Structures are given as C-alpha cells and as structure tokens.
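Shown below, as structure tokens, is a lone chain in the form predicted alone; questions about how it binds or moves come after it.
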C-alpha cells in the first residue's frame, strides 16, 4: 500500500514520515528497509561500542539516512567512577536494594551491562557525543537537554539535528541553537518525559516552531493518531514503544510477555529507573519503590550507581516479577509479537484510511 508523504520526506530522502527510535541495530535496519527514518539510541552505550555499532549500521543501510540519539541530562554529581559514586550512597538505600534482591531471590549477575559498569558523568557524555560526531551518521538527536555547542558541532560536520522538547518554552532555545527539526515529546511517551500531554504539547510546539518541521512523539500507536498529528501541522511522528514487541528487537521472553499484556494504564512514571522521571511498564520493581516505606530514589547518576548491579542481574536472569522497560502509553496498541514491516503496513493503512475519512467528512460540511 502506498504510504503518505510530507515535505520532510523529500528533505531527508525517506518514503514515509515515520521516525523510529530503538536501541536495536536490527530494528534500525528494518525501519530503514520500510522507508522510515531510524534513530539509534546510544545513551546506554560506551563510546567504543557506539563507534562499532554505527559502523555496522552504516554497512547495512548503505547511503540511506539514520540519526543517533544522545542524552544530555543535568547530573547531581560528577564522580569519576562507580566506586566513588557508591561511596556517597546511604546505608538505608543499600539495605533497601539488598532487601529487593533477597525478597525476589535474584541470583548474582555473571556479566556486566552499562548500568553496572559505567557511571554517567560529563566525561562519558562528551565521549559518547564525540563518537557520534566523528561517525558518518546523518544526524544527531539531543534528548533530556539541548547543548547549543553540540548542535553547532553537528552542523560543522554536515549533520542534521533533532531536538526533543517537552515544553513549549524549550522551543525558543532549540531555535536559537539552530536545530533543524523539533520532536514534541509528550507525557504519554516512554522514557524520560515531561508533564504535558502529547497533543496539548504538540499543538503549542507547532505554533511556536515557525518554519521548523515538528514531529509528534508520545503515545502514538495507531494510524488515526498519525493522521491527527498531520492535521495539527506536524510533518511526521516519532515512535519508540512500537518496536519493543517486534521480532527484530529480540526482547527477552519474560519482558516480552509483560509488554504484550500491558495496557496504557500499566505504564507508570517513576524515578526508580534513573533518578529522573521516566515512564516504564509497571512491575514489582516500580511497586517496591512506590511503597510507603521505600526511600526516595536518588538523583541521577546515583540511582544507577545504587541499582545497576541488581538491574543487570534482573535483566540477565529475566526475573519475572521485576523485569521492566521504558515504555509509553502506546503499548496498548502492541498486544502481539510482530515485525517492523507488519507494524509499518498497519500504521500506513490506518493513516491512509483516517485521512480518507477526514477528507470525506470535511467535504460534507
């Protein structure tokens, strides 16, 4: 079925204005194969791994475009390593995490992951950024912050820039920095998101953006929502949760089961993941941290310094009660495992049908 197009398609050389964020190189490649624009998330990666993965993605995509998403959070501390950060954590917090480990009988991790081996600090973020800027990725997306110097550096290297914004007041800063595209990420979204609903935010961002193209992100899981986004004046949509149940994502079985069962009300905002407000699919992990007797989550980067080893063990051993992932309210539209191509086909068909209905109804007025 023919897709729908907006001016951003010609500008970026894509067939359909569906932008897909994923941590999986296989999902990134599949999105590109479907004519969309993939964004590879690297906030959980070391600079060395970023270099290898971007090179591998470019080899798979050839000349087709893709972006890389880097996170720029404000940090509560600048410890050089995990032991230094852990030394600042209270015995109360450590005992609470040990209690979760014992209650759910979590075996020790046998291999590290990013959260159990790295401390997020300015040096790491700079190194991640340099790895992206030195690569041949076509664009960089800035999330949870918008450093003007990163936008400027990207432009000098011929890269486009996407700025994720969670409030209309962020638009002015993005315009001053020279961002090429804006992504209005609403409260419905998975991951680190703000307090404003997607459609309320998007309409305001579109008004404030002027000539800068805007993409809608947060809770988008159906073609009707894509059509509504286009009707508001957006030039496309940015989806992340959509790909978690795709076969190309290789989601571990226990986590996949949780995601497939989840409805919109089964996602929660919590600081228990990273120390910043983050929407994830609810599990015993979020419930334990929301209990009245639980301590407050620590600010970034100390929360991961506290929980990283346990999270690595939960992920490795797929501890059913505790597994979770960042997921938006659009999880409600993805109740069965499928493929990226099948998701594109459904979204395209639904969007075209919704646009046809809109044209018909408006013509009758």
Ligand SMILES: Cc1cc2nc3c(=O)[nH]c(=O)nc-3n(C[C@H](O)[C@H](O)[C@H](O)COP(=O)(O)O)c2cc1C
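Numbering follows the first chain given and starts at 1. Just so it is clear, the structure is predicted and the values come from calculations on it, not from any experiment.
From this point on, the text means the form predicted together with the ligand, which you will not see here.
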Item to check | Proximity to the ligand in the model of the complex, single hit among 182, 226, 239, 132 (heavy atom within 4.5 Å) | outcome: 239
Checklist outcome for this item: Students should find that, of 165, 140, 215, 220, the residue having a non-hydrogen atom no more than 4.5 angstroms from the ligand in the model of the complex is 220
Next on the checklist: Can you work out whether residue 246 and the ligand are in contact in the model of the complex, taking contact to mean some heavy atom pair no more than 4.5 Å apart?
Outcome noted: no
Item to check | Contact test in the model of the complex: residue 311 vs the ligand, heavy atoms, 4.5 Å | outcome: no
Checklist entry - Quick one: is residue 43 in contact with the ligand in the model of the complex, heavy atoms, 4.5 Å cut-off? => result yes
Item to check | Interface membership of residue 326, the ligand in the model of the complex, 4.5 Å heavy atom rule | outcome: yes
Checklist entry - Residues in which of 312 to 320, 64 to 72, 27 to 35, 335 to 343 have heavy atoms within 4.5 Å of the ligand in the model of the complex? => result 64 to 72
Item to check | Residues in 5 to 32 with any heavy atom within 4.5 Å of the ligand in the model of the complex | outcome: 21, 23
